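So this first bit is one chain, no partners, the form predicted on its own, shown in structure tokens.
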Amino acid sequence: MSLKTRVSAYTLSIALVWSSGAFAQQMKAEVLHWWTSAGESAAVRVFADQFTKSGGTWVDNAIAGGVNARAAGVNRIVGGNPPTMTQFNTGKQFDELVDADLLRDLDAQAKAGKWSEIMPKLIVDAVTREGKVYAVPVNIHGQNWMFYNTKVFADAGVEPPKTFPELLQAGEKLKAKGIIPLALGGQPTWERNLFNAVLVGHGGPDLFRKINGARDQSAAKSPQFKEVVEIYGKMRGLVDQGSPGRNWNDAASLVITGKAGMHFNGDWAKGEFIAAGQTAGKEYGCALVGASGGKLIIGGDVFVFPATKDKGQLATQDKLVEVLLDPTTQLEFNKKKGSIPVRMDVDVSSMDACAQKSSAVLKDSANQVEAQELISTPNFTGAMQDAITQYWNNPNMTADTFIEKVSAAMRDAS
């Protein structure tokens, strides 16, 4: 080989090394999220592994608590030091970033991937602002599932309740057996989540939307809403004294270990049962409690991408979108997360019984109820949460006093 040829070969090899190194550097993605429990960590690892297989480097930045993680993500984006992508819930939480032109619009990816055809309209609408898509939905979570320990129920002679009055009766039977009837994560988010489960289950989807979406004061003062509030107040008697401050996953663990009978949460809680080696339909069951049948409050998780002109980061973000919505990745991620794929064209027959039940319920759009964060402003959601927490933690507060607090929050938000 001539010197010229050897130099040319050497130059080419250096160029290839530099090119691959530059590409690898471009494919480095810092991902900010709040998935820190056992089930959540296993789920996010699916995304990380798939991105790594695609030639990328996943830099995991997990911050415990959705509020904390969202605040960190917003602060970094506004401060000019953004991660490659950051997590939000489906809904209005990232509106201010959109308004400030700090997020990349993903309309081209949405059109190319035919999101409007493969995802529920409700979900696509929730990530669309003025005709453009600004977030990637990765799952559908049902928020008002009741999980129960099948052995505990059988030993107490209790059937899964179909209505909330039946649930109160079942709770008293469990209490008589020395079992905690209802395991609750004693934090404002989960107190509100339980309230919304009662609101949609006993009050119905129309009342749920009037309260959380339309902020209808006449609906808040209706006898129907007062019934919801009174039932919710009675549920205090089903919760143990260790509830205040408890994390949601610790509440789920009480049901997993047979110390408690029931736990209300989103289907992300199912990830804890899966991580504990339990199987839906065997050690635990899931049910939608409600007089009007299986109405499912749905939301989910999304990722947003900070706006950038860096071509390497843009390519990395494109690859992340591809990985997040890959059908196989969708299936494996949601199996571990407890949710169901946001892509409705994914075959869920290999998923657990609760996931299949969720998918079957959602095939009828009449059963789909928008999560509070999809129809409520963050300010009103916060005001409702404050009122619910005050009511839950003060047994002496009357239903009428709570209703007046809700009405006041509606007036302030108008």
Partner chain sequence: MATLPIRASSIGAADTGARRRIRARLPAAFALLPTALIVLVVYIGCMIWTVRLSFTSSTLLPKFDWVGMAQYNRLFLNDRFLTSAENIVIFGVLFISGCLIIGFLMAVFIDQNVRGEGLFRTVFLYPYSMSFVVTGVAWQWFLNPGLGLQKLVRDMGFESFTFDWLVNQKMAIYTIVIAGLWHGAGLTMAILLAGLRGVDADLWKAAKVDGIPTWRVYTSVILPLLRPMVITATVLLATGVVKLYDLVVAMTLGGPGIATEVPAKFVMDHLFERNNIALGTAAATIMLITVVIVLAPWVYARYVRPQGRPA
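Positions refer to the first chain, counted from 1. Each form is matched to the other, and the largest set of C-alpha atoms that superpose within 1.5 Å is called the rigid core. Only a predicted model underlies this, so the values are computations on that prediction, with no experimental measurement involved.
Below: the form predicted in complex with the partner chain, not depicted.
Only one segment in the set 88 to 96, 147 to 155, 290 to 298, 225 to 233 has residues whose heavy atoms sit within 4.5 Å of the partner chain in the predicted complex; it is 88 to 96. Contact annotation: N81 falls outside 4.5 Å of the partner chain in the predicted complex, judged by heavy atom distances.
Mapping the unseen interface onto this chain, P188 counts among the residues with a heavy atom inside 4.5 Å of the partner chain in the predicted complex. The partner chain is not shown here, and in the predicted complex it never comes within 4.5 Å of any heavy atom of V348. Looking at G65, you'd find every heavy atom of it more than 4.5 angstroms from the partner chain in the predicted complex. Only one of A100, A176, A315, A112 lies close to the partner chain in the predicted complex, with a heavy atom inside 4.5 Å, and it is A100.
Between the partner chain and the residues D386, D60, D49, D364, the one pair within 4.5 Å by heavy atoms in the predicted complex involves D386. Taken together, P205, T279 and G285 are entirely out of contact with the partner chain in the predicted complex: none brings a heavy atom within 4.5 Å. Of the residues in 221 to 245, those that come within 4.5 Å of the partner chain in the predicted complex through at least one heavy atom are, in sequence order, Q241, G242, P244, G245.
In this overlay on the rigid core, A220 has a C-alpha that sits less than 2 Å away from its partner position between the shown form and the other one. Relative to the superposed core, I231 undergoes a C-alpha shift smaller than 2 Å between the shown form and the other one.
When the rigid core is held fixed, the Cα atom of L102 travels 2 angstroms or more between the shown form and the other one.
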